[in-house]
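This document starts with two versions of one protein chain, written out as structure tokens and named structure 1 and structure 2.
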Structure 1
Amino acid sequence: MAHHVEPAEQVDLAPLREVLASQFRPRDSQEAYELIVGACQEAQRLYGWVPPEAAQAIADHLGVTINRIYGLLTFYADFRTEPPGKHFLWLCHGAACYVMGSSRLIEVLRERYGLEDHGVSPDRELTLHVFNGCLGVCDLAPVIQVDHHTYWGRLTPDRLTAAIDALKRGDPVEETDGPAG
């Protein structure tokens, strides 16, 4: 489980340095470039995002520039360069969800919670990722996966806001069955 580091919190780089030393030992500069993505994935796994201190530690360890690190961090949509919110929302925007109203849900998330795609709400409670593919639960359209395991389906704007408000209060939220298996 990732330890979420707040911006003002000191980042403990020891676990990252240990992983870098044991698993990321490039033989030359070409191999160092090839290891950047994996090293950044390890940092994100450890911290929930890639803090600037971790990016610098990766650059130093691999002998590459910090610009090279940030070039990759900003190129790949899955990397976070800001700490994530407490809860992660993965909104499906595939064909079935789009037809069933996912665009309206995106508007509600923007207007009511200040959330943009790949963004964190101002209160740091929510992180949103709009997935333009398919989550594979089209019978639940429109659907949001919450915290990588719970599915909220057949959402309307009212059901979405009620579920998010309950989530933020720490109240139980009724889950819609997700994919089988």
Structure 2
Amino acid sequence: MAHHVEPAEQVDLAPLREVLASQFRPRDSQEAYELIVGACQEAQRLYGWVPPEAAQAIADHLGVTINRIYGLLTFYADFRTEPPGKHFLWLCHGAACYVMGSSRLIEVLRERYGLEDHGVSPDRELTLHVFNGCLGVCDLAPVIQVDHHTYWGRLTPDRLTAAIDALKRGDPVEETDGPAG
């Protein structure tokens, strides 16, 4: 994988420090280890990824080594150690979505938008994360969760490209859960 890292923008660590101080207060080293993943998840919620500065802040706060943190960040599929694009596409590739055609959606994203799994499109507008589990909304399969809150369901390649083009233009996306059936 090509490592194309943007010149790091200044990461404001204050909000992370605040969360760590209020919610991540281990009583002993055992609990400190138990809290690492949760702390990294908080960082990702705040920044969209886990910047190195944030990883270091977590290590310092919990009293664990930075190696331990990166050992986990690189083990779990959910974590991003590089900044994402403007919009985040969480594409469900669970069994229902597979049966209803998610493979074709992945193909369209690759061919038309240059998006690989865990990748950012060349124009930095889109990030794709292919989820191997089930997003739990199988009635909408195949489905993509967009920017952490909206769902585009019962997608076909055509409806997907129309929706993405609208998203990039900043227009509302019509009929996001497709025809009922």
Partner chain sequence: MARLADRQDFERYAAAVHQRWERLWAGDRWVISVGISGCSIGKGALETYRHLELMLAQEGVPATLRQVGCAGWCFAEPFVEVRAPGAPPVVYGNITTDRVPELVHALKRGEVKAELALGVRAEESFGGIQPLSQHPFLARQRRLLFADAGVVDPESIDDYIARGGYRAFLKALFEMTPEEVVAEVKASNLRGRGGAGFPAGIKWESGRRTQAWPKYVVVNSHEGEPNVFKDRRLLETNPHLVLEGLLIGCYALETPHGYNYIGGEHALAVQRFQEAVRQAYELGLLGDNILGTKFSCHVRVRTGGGAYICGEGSALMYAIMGQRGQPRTKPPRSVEEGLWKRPTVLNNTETFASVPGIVRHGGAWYASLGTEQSTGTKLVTIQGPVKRVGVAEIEMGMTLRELIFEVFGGMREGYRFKGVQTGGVSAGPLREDQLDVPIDFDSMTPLGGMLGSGGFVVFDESVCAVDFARYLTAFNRFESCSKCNPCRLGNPALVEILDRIRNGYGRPQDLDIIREGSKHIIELSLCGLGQVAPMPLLGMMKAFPEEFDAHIREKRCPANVCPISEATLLAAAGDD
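What we label the rigid core is the largest C-alpha set whose atoms superpose within 1.5 Å from one form to the other. The first residue in the sequence of structure 1 is number 1, and each one after it adds one. For clarity, every value in this text was computed on a predicted model and none was experimentally measured.
Between the two displayed forms of this chain, it is structure 2 that matches the form predicted together with the partner chain. Hinge residue for the rigid-part rotation between the two structures, picked from Glu31, Tyr98, Val37, Pro84: Pro84. Rigid-body analysis on C-alpha atoms gives a rotation of 20° for the smaller part relative to the larger between the two structures. The two forms, fitted on their core, place the C-alpha of Ala77 2.7 Å apart, compared between the two structures. Once the two forms are overlaid on the core, Gln44 shows a Cα shift of 4.1 Å between the two structures.
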